[in-house]
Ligand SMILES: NC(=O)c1ccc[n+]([C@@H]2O[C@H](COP(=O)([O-])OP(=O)(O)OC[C@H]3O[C@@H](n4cnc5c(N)ncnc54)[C@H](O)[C@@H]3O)[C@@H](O)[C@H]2O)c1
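What follows is one chain in structure tokens, specifically the form predicted on its own.
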């Protein structure tokens, strides 16, 4: 299929990287996305390729990314790989004439974000989208629509948090050297939400601080397991971010948007379902265990949105500038954490 064509034929797609999130995207593309055919996967890990072959019946398996890009008839790639690889892999795919969906963040370096933007401009017929999944969550979509309708007046402040259940084994610690730190790894979602909900707000100044409450091995990488940040935007708007790796009760994503005439809260109670438990311990509900549980429907919605935009030449919900701005703010928050000083833009 020509990249610029409008076609009723299924989009031939491949997933690159089959870790936890890569498997989620592969399962969605293989079973639940109309108009998409998962024709190939790529991973350097044999067991991951075998999983795709045995569980999803994917016919074509690749160890090498360059070989995958040469697969006959391939239209688009889904990159679920380490962030340090994103920029070069996106550029290679664009040069090979492929549409690209890439998991967040776009990059850990602004120069790489710019390289991707420049290459994408050379291929206007190709779609490139970074996976900021919360924009596709039904509750966040509803909050955004209510803001557009003026329900809370003019929004001027956002509080947003990404708090993961504590992993006693510290699974994420070994990835800290290449993750960009807690703010780029976790808070980048909150950063993107704040800019989106405040009308593409532009940063003016940031300040961040943090500590290692449990996972002290992070200190060798100059990272923390709990961090707080303040971002001042143009026109006096504000956002506060909280990121944590140490929640005892489960995954807890929550956002509050305050306006001149009211406030909206998304995820104030991170409930697993609608069951309430009443026993000798009190009255309570169970919590979502992971990011995947909370945003299961949103992951599927964003993939469907991308596939539909490619097949029918529709605009994407977010552009590369949105992704670049999220990286820009995340880098500044890490700098502030290390220097203990505000960072001006």
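In this text the structure is predicted, and so the values were computed from the model without any measurement. Residue numbers count along the first chain shown, from 1.
The following text describes the form predicted in complex with the ligand, which does not appear among the structures shown.
Partner contacts here mean any heavy atom within 4.5 Å of the ligand in the predicted complex, and among 152-160, 76-84, 236-244, 268-276 they occur only in 76-84.
The partner is absent here; in the predicted complex, the one residue of 165, 103, 112, 256 having a heavy atom within 4.5 Å of the ligand is 103. Contact between residue 185 and the ligand in the predicted complex is found at the 4.5 Å heavy atom cutoff.
The shortest heavy atom separation between residue 48 and the ligand in the predicted complex is within 4.5 Å. Within 4.5 Å of some heavy atom of the ligand in the predicted complex lies at least one heavy atom of residue 131. Put simply, residue 337 is far from the ligand in the predicted complex: not one heavy atom of it is within 4.5 Å. Contacts of stretch 275-302 with the ligand in the predicted complex, defined by any heavy atom lying within 4.5 Å, are made by 291, 299, listed in sequence order.
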